[in-house]
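Here's a solo chain for you in structure tokens, the form predicted alone.
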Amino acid sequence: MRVSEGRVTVTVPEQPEAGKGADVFFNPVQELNRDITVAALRAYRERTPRVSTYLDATAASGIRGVRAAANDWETTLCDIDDDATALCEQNLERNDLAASVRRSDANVLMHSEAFDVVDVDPFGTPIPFADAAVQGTKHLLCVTATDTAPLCGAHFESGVRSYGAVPRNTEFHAEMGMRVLLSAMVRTAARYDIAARPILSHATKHYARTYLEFDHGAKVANDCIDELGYVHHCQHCLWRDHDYGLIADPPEDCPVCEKHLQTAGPIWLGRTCEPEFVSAVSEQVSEEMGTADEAKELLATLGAEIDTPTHYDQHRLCKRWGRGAEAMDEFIEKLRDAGYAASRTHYGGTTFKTDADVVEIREATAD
């Protein structure tokens, strides 16, 4: 079937029947991801004018790479599957675009050549591509992970094996997954004396997506490692705290209810977005994008999120406190009136970030 996204129209596989896989994978739910990718590529080229080459490392139908080529990037589309590379060539020809199509193992290609921007968007975890992707990236590494259950701790053992961290399935599980992914990518880059710092990240529709800007040198890589650490979380009263470092030093018990704490980490505790870049990306969202309104709304929320490593869910808190929830804007305004920083988050309609702890939140929002 044919699909139009942005400036291009491509042929993609028909959606398979239940229990049957398509020969070449295509995920229509990722249109928002791809629209934001195009906007991010436009914004990054303005930020770093010398960049010109882009690798779609796991191309499948090639829709992401074809869209990059339509935006004047010197694009390479890579896939190990013959049917996929044939479809990539067909979709480039359909749109009268020139790009290089490689039938290759992505890891082999990324170990042998380097590109200004590398995009790794596989089915499942990106970790098997992480080392090669770091070596094959000059400036910006874009990564998608769709294995959200291991990332957020719902599939605990798998998360530990894949990401080299202890994930915990908390009420802020989407953010947990994002920060576990970032920790793994930052640690991978640091092995090669590269600082991989996220300038845009979001967890949307059962996937996590991040854009990591590279800087080179042992000192800047060490600075990134210094932003790793642990979150200590109480499942009973929802209190939490965090500390920096690669050695966990959790409190013996929760200081509020004296129950046992769960510790997750090492996770990325630093910023997941650079507000200035998020604003620049929003400006590059264009009308031909099918998810333009949704993308702009998401980016506006990301740009306004305050810098804390976890978020709260008002409904979960109010249920624990035995009181009814209220309109989010009113709830957040009460926190601000009490002198705390607070913002909504993109993780859900009833989620928020604040520098108040759980006791202070309860007191500040009480009637």
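Each residue number is its position in the shown sequence, starting from 1. Predicted model, so just to flag it, every value in this text is computed and none were measured.
Below, we turn to the form predicted in complex with a small molecule, even though it does not appear here.
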Quiz item: If you check in the predicted complex, do 182, 188 and 222 all have a non-hydrogen atom within 4.5 Å of the small molecule?
Solution: no
Quiz prompt | Contact of residue 175 with the small molecule in the predicted complex (heavy atom, 4.5 Å) | solution = no
Practice problem: Examine residue 106 and determine whether its closest non-hydrogen atom to the small molecule in the predicted complex is within 4.5 angstroms. | Solution: yes
Exercise. Using a 4.5 Å heavy atom cut-off, state whether residue 129 contacts the small molecule in the predicted complex.
Key: yes
Quiz item: Is residue 34 close enough to touch the small molecule in the predicted complex, meaning at least one heavy atom pair within 4.5 Å?
Solution: yes
Quiz item: Among 236-244, 73-81, 279-287, 253-261, which stretch has residues whose heavy atoms lie within 4.5 Å of the small molecule in the predicted complex?
Solution: 73-81
Exercise. Could you work out which of 69, 299, 63, 40 is the residue within 4.5 angstroms of the small molecule in the predicted complex, going by heavy atoms?
Key: 63
Quiz item: Of the residues 229, 270, 122, 136, which one places a heavy atom within 4.5 Å of the small molecule in the predicted complex?
Solution: 122
